[in-house]
Ligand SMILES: Cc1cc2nc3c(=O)[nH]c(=O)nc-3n(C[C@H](O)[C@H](O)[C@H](O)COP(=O)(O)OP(=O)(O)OC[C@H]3O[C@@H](n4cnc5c(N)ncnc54)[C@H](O)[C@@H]3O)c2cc1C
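One chain comes next, on its own, written as structure tokens: the form predicted on its own.
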Amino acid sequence: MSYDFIIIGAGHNGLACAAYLAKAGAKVLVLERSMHVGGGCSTAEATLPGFKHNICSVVHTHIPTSPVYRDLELERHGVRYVYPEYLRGTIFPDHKSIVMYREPERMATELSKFSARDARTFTKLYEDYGEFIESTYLPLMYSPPLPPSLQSAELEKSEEGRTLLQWQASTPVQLLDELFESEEVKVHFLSRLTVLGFAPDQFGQGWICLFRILKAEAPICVGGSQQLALGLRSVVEAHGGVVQTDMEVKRILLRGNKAIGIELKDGTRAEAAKAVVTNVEPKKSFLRMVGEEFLPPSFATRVKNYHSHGRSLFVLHLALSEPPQYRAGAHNPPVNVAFSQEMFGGSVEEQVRAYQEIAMGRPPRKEMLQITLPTLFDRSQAPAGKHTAVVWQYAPYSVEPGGPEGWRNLREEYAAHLLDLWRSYAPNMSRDKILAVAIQDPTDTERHNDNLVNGVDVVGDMTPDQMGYFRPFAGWSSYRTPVEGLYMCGGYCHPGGGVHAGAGHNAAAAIVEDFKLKKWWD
């Protein structure tokens, strides 16, 4: 059977792209290699029956307020979110803490416990840039990236914009040193950035820190992260699209320089009358499925140079008999019920040093921990009275000695070390309160989802050379490719990794424009 469009990969971006095209009246086929849709939106009973664990994504920061949620009427398809009242809690080694709030007034009050000047600075930042961020953040995500010349020209028109341009050239640490005096306040806001994989001493990323300082949210998908993928699949199928799992695409078929369909691993072929759309990371999509010999040499070089060498994650999935109670909660009770608790040491220098250790293949021995208990907000993810927790620690993909396979010998000891670090903050988490543990080292993450090359959870490093107009490659950030009828829609495209469906939404818009389909959404 022939389809208008064939989408390779049923991660949430591929499903979102398919849903937009199906609602536009196109005949759509989505093919997924694994047995389940969702990619990084994966929920499984990793420890004990009845305990639902989110294997990759835990929070879907932008989905509920995105055009995707509204346009595709995801709530009608079983996708619902709950919002924790307290967003994140940064806990320091002396058991003081900072809780992050949505309301700028409450956030300023929280910061004033550490520095009255920093509280005033935060308020001024919000006054100067809060409206700008609110009005531009989502539009920038859900549209193709601006060329650097246009972006700079627009920012050059105002004093605030010129300041942003200078911050854009700086490192996050430089920006925080310029703005704040309290080490705790700096650590708190720096952790907001590094949790996305941005290195603290990376030039060209200071301005991103401003977005993370002023904008925060933490919606939890009811039933687990995979509910988003199931809802998106439901939209596709409700509009006549077909989604098939356990279907591994081996090749993208070409006629001349035009993509005309796909061939599965078992030799089965399917035709695409209009286009093929790949949600699979660049090297597999272009070097393996298309073939380097069919690509312009300059484009093939860009593909080869696309990199995923940043920090990975060492993850523990825990089944708990009770939630953690932090020593910090005695002085700041909301920290116990925040969406997550982050323990990143007591100084910016420690965060910088940890990233340097990761680059040298050394798993940090100091805490770079983020703990989340989805079951505090969605009881359906564990049996009555019980809880699940996910523990993230920043770590390298390749360790010394042994390279990636070195984790086989290290994982048990490192997991025990991290639990001991956690207990120093939450002493009630004794061994009897932890009913079961599932270890997910960086190589396990890649095995679970090979789009996450080297265990990098944002589908390629989020560095200045791979962001915005340069993601995935300079000149190819419009979701189109040099192969006619072949498009990209994965997290390796703008606006990058994470669960927001921005790339799927934007790719669909480009495809609808090229094939003059009805664009039914605003």
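Quantities reported herein were computed from a predicted structural model and do not represent experimental measurements. For every residue, the number given is its place in the sequence shown, counted from 1.
Below, we refer to the form predicted together with the ligand, which is not included among the displayed structures.
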Partner-contacting position among L87, A415, M289, A119 - heavy atom within 4.5 Å of the ligand in the predicted bound form:
M289
If we test each of Q205, N332, Q227, T445 for a heavy atom within 4.5 Å of the ligand in the predicted bound form, the one that passes is T445
Quick one: does R33 come within 4.5 Å of the ligand in the predicted bound form, counting heavy atoms only?
yes
So, S57 and the ligand: in the predicted bound form, are they within 4.5 Å at any heavy atom pair?
yes
How about V459: is it within 4.5 Å of the ligand in the predicted bound form, going by heavy atoms?
yes
With the cut-off set at 4.5 Å between non-hydrogen atoms, does G9 touch the ligand in the predicted bound form?
yes
If contact means any heavy atom within 4.5 Å, which of 45-53, 475-483, 451-459, 66-74 contacts the ligand in the predicted bound form?
451-459
Within 4.5 Å of the ligand in the predicted bound form, counting any non-hydrogen atom, which residues from 243-260 show up?
M247, E248, V249
